[in-house]
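Just the one chain here, the form predicted alone, laid out as structure tokens.
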């Protein structure tokens, strides 16, 4: 029996005037894993997240988070009890100290994990008696993350969580994401930091101009994606090389570069029917795939 997605959208759309911020998004995020939501700035990541959380209304389509309809006011209230969210510009009560806002937030969540609170206070080196208004951007981000992690939510949604963190803070964040997922929290985080995604994500969903352009596990990416470089004395027509799994073909002179997402051996066999003088096959990383998917045609 297949598990129920923690996030599922069907044709989800958001339009501002004549601009499609999100267009017909069909997204499935599975439980008990870390799913990265990749895209350029302005690709529609934050708009999607805000629709999922009921912060803005969709223009079309539907979505469920933890099995609850996002456009139902009753289910939306219940949803917020089970989902923790950290935004790019997290609002905190500046007049409180670190200890005060932790006590204040803790009072709303019976499942609050004191061990997580203590561990992250120490790891993030947060000063309990310091006023929030005096904290740096990075320290405020760490505090927001602590408040979200210690809630022990069923689903954790993070929008550019490493923004404002130094390299040590990023390492601590990634370590905590893996730890939280291992204890049963499903994690969905938006990012354009591909190196971080490759470190911790189980699955990658990629959005470009409001449309989903990729949904694959990192294992699938590593096993299946290849770059094939060929040199021909007589260049075949491009359509002769087209077949399932071929994502892009670029020709320059007698050289052909192919990006394939599957069936690499079959693609090479097809190409060899046209007698290439040189064939080179190499793995392709997530960064190269990302750049290829967002490349303007």
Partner chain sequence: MFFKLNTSIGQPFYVQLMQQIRHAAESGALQDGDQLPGIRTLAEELVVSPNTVARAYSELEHEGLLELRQGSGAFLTIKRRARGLTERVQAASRKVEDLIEELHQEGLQDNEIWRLFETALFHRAEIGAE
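Being a predicted model, the structure only gives us computed values, none of them experimental. Numbering follows the first chain given and starts at 1.
One more form of this protein should be noted, the form predicted in complex with the partner chain, which is absent from this view; the next part is about it.
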Give me the residue from 126, 213, 96, 181 that has a heavy atom within 4.5 Å of the partner chain in the predicted complex.
181
With the partner chain left out of view, choose which of 154, 88, 198, 117 has a non-hydrogen atom within 4.5 angstroms of it in the predicted complex.
198
Which one, 229-237, 28-36, 251-259, 58-66, holds residues whose non-hydrogen atoms are within 4.5 Å of the partner chain in the predicted complex?
28-36
The partner chain contact in the predicted complex: residue 283, any heavy atom under 4.5 Å
yes
Is there a heavy atom of residue 174 lying 4.5 Å or less from a heavy atom of the partner chain in the predicted complex?
yes
Is there any non-hydrogen atom of residue 202 lying within 4.5 Å of the partner chain in the predicted complex?
yes
Report whether the minimum heavy atom distance between residue 222 and the partner chain in the predicted complex is within 4.5 Å.
yes
